[in-house]
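Taken one at a time, structure 1 and structure 2 that follow are two forms of one protein chain, written as C-alpha cells.
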Structure 1
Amino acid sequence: MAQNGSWYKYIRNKVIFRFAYLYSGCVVINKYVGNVIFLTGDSMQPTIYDGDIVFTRSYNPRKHEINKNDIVCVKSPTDAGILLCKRVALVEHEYDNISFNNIRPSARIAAGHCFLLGDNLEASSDSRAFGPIPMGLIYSRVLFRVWPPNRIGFIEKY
C-alpha cells in the first residue's frame, strides 16, 4: 500500500471497482438467471396476493418456451417502466374466446403474441383491455413465492 494521499485514492478506486463488479454481477443475474419481484395489487387473487414476493426466471425467447397458463411478468404495453404480472390464458394461433365485446372481433391470436388474463377477473386490467401482447414484452416467468413465509412454495398451476 502507498502512503498518505495515495492511500485515500487506493481505497476510493477499490470501492469504485467493487461497486462496478457488484452492479455488473446483478445485471448478469437479472438477465440470465432471474429476479426477485415484489408484487402489488389484487389482480391475481387467489393465486397471488398483494405484497407477495416471488422469484422469477428470466425469459429468453431463443431458449425458453412460454406455455399456456404460465404466470409471467410483462412490460406494460401502455405504461413505460411498469411490469404487470398476469397469467397467459391463450398462446399464439388459438381462438380468442375471451374478448366477448365487439371491440376486438373473435379471431386467432396472432403469431408471436399471447393473451394475458388476471386470475381475479373483476380487479384485473389485462388483455381484455389492451389486446394480445407480443411475446417480446415478456420479461420473466414466475416460479415460486418466497414471501410471506407461510405460503412459500411453487405457484399453483391450473
Structure 2
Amino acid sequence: MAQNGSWYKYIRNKVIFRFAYLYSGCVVINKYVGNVIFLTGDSMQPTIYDGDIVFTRSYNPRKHEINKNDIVCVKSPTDAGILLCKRVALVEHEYDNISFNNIRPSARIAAGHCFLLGDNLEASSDSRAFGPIPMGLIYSRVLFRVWPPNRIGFIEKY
C-alpha cells in the first residue's frame, strides 16, 4: 500500500464496496427470484421430509399463477411470523368437497383464496383447521429440493 492515507481508500474499495455489492445482489435475488428455505416438520411427508432444504420462487399475485397441486410456502394465518409449507388442494371458484369432522358443508372457494392441505393429513395443520387462505398470504412456490444430496431435484406434483 502507498503512503498518505491510501489505506482508507483501499479498505473502502476492496471491502466495503464488495460487501455492499454482494448484499445488494442478495436482496435483489431474494425479492425477485427466490429463496432457499429450511423446512421442519412432517406435515408434507412423503414429498418433503423434516430437514429438507428447498429453493422457492417468490410469488407475486399480479405476475404469477398458483395452480392446483403446487406446493407453496404461506404466511401462517394464525401467526404471521411463521411460514407453512402446504399443497394447494383447491383454487378460487372450486367447490370444497373435503370433509373434516362433518362440520362444514360443501362450499365454493372465494375469489382470491385457496384451500391448502399437507400431504400427511394426520400431522398437518392446514385449511381444514383455519379455512381457505387469501392468495396474498402466499410467500413463494417450492420449485426443487437442494438438500439432502440423495434427493436433489424438482418437487413432483400429484
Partner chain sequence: MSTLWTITKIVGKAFGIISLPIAFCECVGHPASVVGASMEPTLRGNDARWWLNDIVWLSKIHSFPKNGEIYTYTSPRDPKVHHVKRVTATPGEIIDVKNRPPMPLGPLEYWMSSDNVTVGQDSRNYGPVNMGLFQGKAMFILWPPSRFGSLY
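Since this is a predicted model, take the numbers as computed values, not measurements. Counting starts at 1 with the first residue of structure 1 and goes up one by one along its sequence. For the two forms, the rigid core is made up of the largest set of C-alpha atoms that agree within 1.5 Å on superposition.
- Comparing the two isolated chains, structure 1 is the one taken from the form predicted in complex with the partner chain; structure 2 is not.
- Put the two forms on the same core and the Cα of F144 is off by less than 2 Å between structure 1 and structure 2.
- Relative to the superposed core, F17 has its Cα moved 5.5 Å between structure 1 and structure 2.
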